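Before any questions on how it binds or moves, here is one chain, the form predicted alone, in structure tokens.
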């Protein structure tokens, strides 16, 4: 199982260069990886039967590679054999609602990553084990060590795609309202409404034995999310 070397920066390409607001584009690994590490749901686009398809799915980042979760019977997994499957994978985090005085200047504060490339199905057992562990830990760090690993039958039903991070770009919008000078005197409220993901108090399964303690990694995940608010 070989991994591509992690570059200091990703090289912009025509597909990874935005046509608008190019000043918001970022190609450094620190920005890209930070965005990818902050979530666990992506949208994967591909062509099937001469039509575009976009599917939401779980992902995990391991070094300079993404692992994408899927069913062994799904179209992207069936199409990823042989030469692989051309995909576009996106991850978007919404940080704020930007409410302007003018409808045209409403916006969002956001962080996003777009990855173009060829996804390949993971078949080697050692890499499959790494991928399954990483997918579970991407959602709640530490969880993979506190649950039963997939059985051979479960692994056969749940397939994984590998996508190297090579043609990648991030785009970030921060700041406040961008109203035109002639609109600043309008009597409409304007400003930014922060958006944050909140993890609620974990609800134990009723079948848990009495006295089962909440694991420390779960408490840490909840507290970390609360501190980010």
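Residue numbers count along the first chain shown, from 1. Every value quoted in this text rests on a predicted model; they were computed, and no experiment measured them.
The next section is about a form of this same protein that is not shown, the form predicted together with another copy of the chain.
Trainee: Would all three of 25, 60 and 68 be in contact with another copy of the chain in the model of the complex, where contact means some heavy atom lies within 4.5 Å?
Mentor: Heavy-atom distance to another copy of the chain in the model of the complex: none of the three under 4.5 Å.
Trainee: How about residue 88 - does it come within 4.5 Å of another copy of the chain in the model of the complex, if we only consider non-hydrogen atoms?
Mentor: So residue 88 counts as contacting another copy of the chain.
Trainee: Classify residue 41 as contacting or not contacting another copy of the chain in the model of the complex by the rule of any non-hydrogen atom within 4.5 angstroms, answering yes or no.
Mentor: Yes - in the model of the complex, heavy atoms of residue 41 and another copy of the chain come within 4.5 Å of each other.
Trainee: In the model of the complex, does residue 193 have a heavy atom within 4.5 Å of another copy of the chain?
Mentor: Looking in the model of the complex, residue contacts with another copy of the chain include residue 193, since a heavy atom lies within 4.5 Å.
Trainee: Although the partner isn't part of this model, could you tell me whether residue 220 comes within 4.5 Å of another copy of the chain in the model of the complex, counting any heavy atom of the residue?
Mentor: Residue-level check for residue 220: no, no contact with another copy of the chain.
Trainee: Heavy atom within 4.5 Å of another copy of the chain in the model of the complex: which residues of 109-126 meet that condition, in order?
Mentor: Contacting residues: 112, 114, 116.
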